[in-house]
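In C-alpha cells, one chain follows: the form predicted on its own.
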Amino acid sequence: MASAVTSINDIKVLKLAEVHAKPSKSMMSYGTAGFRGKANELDHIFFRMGLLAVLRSKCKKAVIGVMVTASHNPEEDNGVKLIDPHGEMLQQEWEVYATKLANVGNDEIIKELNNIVKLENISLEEQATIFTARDTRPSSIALSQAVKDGIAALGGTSKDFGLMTTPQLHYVTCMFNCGETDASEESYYTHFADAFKSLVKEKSDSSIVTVDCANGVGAPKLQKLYEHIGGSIDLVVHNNAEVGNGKLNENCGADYVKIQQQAPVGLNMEPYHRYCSFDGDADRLVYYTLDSDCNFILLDGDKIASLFAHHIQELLADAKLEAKLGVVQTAYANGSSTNFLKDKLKVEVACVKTGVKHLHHKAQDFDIGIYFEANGHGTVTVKESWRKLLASKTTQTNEDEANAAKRLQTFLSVINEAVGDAMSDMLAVEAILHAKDWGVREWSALYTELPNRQMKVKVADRTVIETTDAETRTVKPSGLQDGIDSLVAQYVNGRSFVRPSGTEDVVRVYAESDTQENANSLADKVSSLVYDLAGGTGEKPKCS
C-alpha cells in the first residue's frame, strides 16, 4: 500500500511540498478548532491538511470538509480545520495524525502519509472528494489554494464553495453524505427559512433584531437568509465590512461582547431592544440589551441553553412525550444557570472540559442534548431513535398532543444539529420568544447571573498548569489549588478556576461572586497567584 503512494503521488507531493515549505522551527498542534496562528506562518499547514483530508475521505468513503477560518481571532490570524462526514469535528485519533503531519520535515511527508495509510488500512483506489470554504480574511484566498494544492497532490477532487460561514460548510458536508446530492448554500437557506416560517407565520411589533456581524462572513450570509425569511422578522445588520471600513473582530463580535460585557463599536443601544452578535465565522451567538436604567444585560450561551431547555421541556409536556433531556456545560457556565437548570427545571446537567468536541460528544448521551459554551457556541443534538418516536407522535389521534409534537419537530429543524450555528441559533431564539410572546426582559428574568470576570495571565510555559475534574481544579503546580480555595472562601458565592489556553502561552482565569466588585477582586487575586506560581511573564494583569 505504501508503494502505491510512492509510485503514484510522491513526485507531485514532494514538488508541491517545496512550494509550501515548512519553516524549520515551526511546531503546531491540532486543537479543538484545528490549527490557528499568524496567517503568514501557516501556508505549509494548509497544504498538508489538504493531503490529510484526501486520506480521511478515502478512509471514510465520504466527503470531508476543510474550512479556512480563525473564527473570533484577529484579522491577521488564520486557521484550518477538517470536518467529518456528518458535520462533526475531526475524530480525535486523527488530530494526532494532523499534528504529526504538520510538524515533520518536508522530506518526511511521504513517510508520514504512508504511516497513516497503513495504520488506517486505507484503500488508495477509493475516490476522495473534499468540500472547501473560507471566511473573509485577506489571507484566506491564498491559504485556500494551499489546501487545494494538497488535495490535488494526492489525486483528490475539491469543490470550493468560496465564502461561507463555518456552520454552512458543516451543514452542506453532512447533508451531502446523508444523500442530499444537491446540498448547497441555497439549500441551507431554504431549509432553515422554511422551518422558521412554519413557526413564525407573521412578525410581531417587537420582532426587530439588530445583529452585529463582527465585520465577517456572517453579514452577507445573514442578508441572504433574510431574503428567504420574508416578513417573519426584521433584521438590522451592523458591522458589515462590505459597506463599511471596520476590521474583522476588532472591538466587535460575540467574543468581544462576552468578555468585555459591553456593546460592539458603533452601536447606539436602546433599552430592551434585542441585539445579538456573531463571531467572525458565525458559529457563536450572544444576545444583549439595556435595562431601563441603561445597564448592560448580557444573554450568553448559558441563557440560550436555558431558554432552549425551558421551551423543549414545555413542548414535551404538551405532547405527553418522555425524553431524556440534558444540558451540557463547561466550568465557564455561570453558577446561577446551573442552579436554574437543576433546581427549577429539574434537567440533568453534565460538566465537561472546555471545547465543543467534548460538549457535542456528551450531548449525544441524551435523547435530546442541549449544549452551549458560555461564549455562545452550541446546538441541540437528537438521537435518531427518539426522532422517530417524535415523528410517530405527530400522527396521533389526540390533536393537541400531535400539534405539540409537530411544533417540537419543526423547532428542532430550525437548529443546525451538526455544529453551533449563529444564524440558526438566532432563528431558534426568535421562534421561542415569538411562541412565548416574550421580549429580552422576560427571557433575562429566567434567572439572575452571578457577576463574573475572565482574565488571562501570560506565562513562559502553559503546560506547567495541569487540571482535573473537567478543568475545574488544578493538580499542578503545587500549592495553586490550595491557594485558589483559600481565596474563594473569602467571597460570598465565590467560585474560581484556571486552565491553560489551548493555543497560546497564557492561563485563563474565571471568577464569580455576589457583586461585580467582588468578582473582579477575586479574579485579580487568583491571577496574581497564577502569575507567582506558574511563571508569569510581563506585567501582572489587573482588572480592578
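Keep in mind it's a predicted model, so treat the numbers as computed, not measured. The numbering used is simple: start at 1 and walk along the sequence shown.
Just so it is clear, the following notes concern the form predicted together with a small molecule, a form of the same protein that is not shown.
Exercise. Is the gap between residue 306 and the small molecule in the model of the complex 4.5 Å or less for some heavy atom pair?
Worked result: Looking in the model of the complex, residue contacts with the small molecule do not include residue 306, since no heavy atom lies within 4.5 Å.
Exercise. Do residue 58 and the small molecule come within 4.5 Å of each other in the model of the complex, heavy atoms counted?
Worked result: Flag for residue 58 set to no.
Exercise. Applying a 4.5 Å heavy atom distance criterion, does residue 424 contact the small molecule in the model of the complex?
Worked result: Heavy-atom contact with the small molecule at 4.5 Å: absent for residue 424.
Exercise. Closest heavy atom of residue 33 to the small molecule in the model of the complex, within 4.5 Å or not?
Worked result: Yes.
Problem set entry | Triplet 284, 373 and 499 all within 4.5 Å of the small molecule in the model of the complex via a heavy atom | Yes, because 284, 373 and 499 each have a heavy atom that approaches the small molecule to within 4.5 Å in the model of the complex.
Problem set entry | Partner-facing stretch of 47-55, 61-69, 478-486, 504-512, counted where any non-hydrogen atom is within 4.5 angstroms of the small molecule in the model of the complex | Of the stretches listed, the one contacting the partner is 504-512.
Problem set entry | in the model of the complex, the one of 332, 256, 366, 189 near the small molecule [non-hydrogen atom within 4.5 angstroms] | None of the other options qualify; the answer is 332.
Problem set entry | Interface residue in the model of the complex among 136, 158, 232, 454, criterion: non-hydrogen atom within 4.5 angstroms of the small molecule | Contact with the small molecule in the model of the complex is made by 454 alone.
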